[in-house]
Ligand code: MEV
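For reference, the chain that follows is the form predicted alone, supplied as C-alpha cells.
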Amino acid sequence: MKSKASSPAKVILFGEHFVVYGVKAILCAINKRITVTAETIKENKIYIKSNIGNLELEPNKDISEINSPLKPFYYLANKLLENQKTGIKIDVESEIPLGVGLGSSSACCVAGAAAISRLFNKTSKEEILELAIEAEKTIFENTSGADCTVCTYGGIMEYDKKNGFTKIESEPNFHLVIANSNIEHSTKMVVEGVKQFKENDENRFSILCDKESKLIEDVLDLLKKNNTVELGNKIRENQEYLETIGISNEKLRKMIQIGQNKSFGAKITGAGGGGCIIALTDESNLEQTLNQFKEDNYDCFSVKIDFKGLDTF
C-alpha cells in the first residue's frame, strides 16, 4: 500500500511578532512544495529518507529521546501504526529551503500527516491538520498552528490568537521575490529580544501594536481590491515597525534596500535576525527585482500564492 501527499510552504505577509501580542497576522501559502510518499512494509520498522538525512527506528520509542529534525514523521508513523501489523517507509522530497521562515517544518507535518494517515483511513483535511499540529509540537512546543493551517488550506488567511484563522477569499495575482540572507538565527532569541523591547517601553510598544492593527485592516481592504501598489506601501510601513522592535540587521537592511529599488515594497518575513526577506512585485517588475538580487549574488527565487493547499494523490 502506498500513499502520497504534497503541501505548500508559506510566508508571513504582515504581522509577525505583533501577532504574539494579540494583533492579526496575514499569511499566505506559496507555490514551493514538500511531497511525502508513505508505504507500508512487512518489517516492523519506521524508515524515513530525506534530503536532510535518514532515520531508521523500531516503533514505540519515546519521542523525547529522538534527536532528529525528522522526529515529526516518526511521531506520526508511530501513532498511526498503533494496532497495525506493519511497518512504514517514508520518503520526503522538498523544494523549500530549511530553517529560513518559509514553513518547511509545517509543510512536512501536513504532507506527512496526510500521506501516512491515508495508508489506513480516508482522513479529512480537518483530521490531517489536527495530526500535523500534534506532530509540529514535537519540535515547536508552543506552535500556534497557524503555519500548519495555511499549509493545509492554501491561499491567504488572517490569524489572531483569540479567534484563530479566517480564510481570505480574495485571490490577488501578485508575485513575491524571496531572497535568503543565509544568516543562521534563533527564533527563540529574536522573540525574547522583542519581549525585552516591550518590557523596556510598554507605551511605545502599545502604540506600535495599534499602528500594526490599523495597517492590517487597511491591507485586508487592499487585498479585496487587488491593489498591489498600495500593498507595497503597506509592506514598507510594516518593515519600519519591524526595524523599530529590533529584529533587523545591516545585511537584512541592505537586502531590503535592494528589494525596494525595483519592487513595490520589501520587508523581513518571519522571525528576523536572519532568514528571508520578501519583495512584492507583479509581471511589470518581477524580472528586474530578481536581477537586482542576482547581481549581488543573493540566493533568490520568485513565487506566487498557492491556492490549492494540501494535495493527495
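In this text the structure is predicted, and so the values were computed from the model without any measurement. Position 1 is the first residue in the sequence shown; the rest follow in order.
If you look for the form predicted in complex with the ligand, you will not find it shown, but the lines that follow are about it.
**Q** Please determine whether residue 271 contacts the ligand in the predicted bound form, using a 4.5 Å cut-off between heavy atoms.
**A** Yes, residue 271 sits close enough to the ligand in the predicted bound form that at least one of its heavy atoms falls within 4.5 Å.
**Q** Whether residue 191 contacts the ligand in the predicted bound form should be assessed with a 4.5 Å heavy atom distance threshold; does it?
**A** Flag for residue 191 set to yes.
**Q** Give a yes/no on whether residue 187 approaches the ligand to within 4.5 Å in the predicted bound form, heavy atoms considered.
**A** It does: once the ligand is placed as it appears in the predicted bound form, residue 187 has a heavy atom within 4.5 Å of it.
**Q** Is the gap between residue 19 and the ligand in the predicted bound form 4.5 Å or less for some heavy atom pair?
**A** Residue-level check for residue 19: yes, a contact with the ligand.
**Q** Which one, 29-37, 62-70, 278-286, 263-271, holds residues whose non-hydrogen atoms are within 4.5 Å of the ligand in the predicted bound form?
**A** It is 263-271 that comes within 4.5 Å of the partner.
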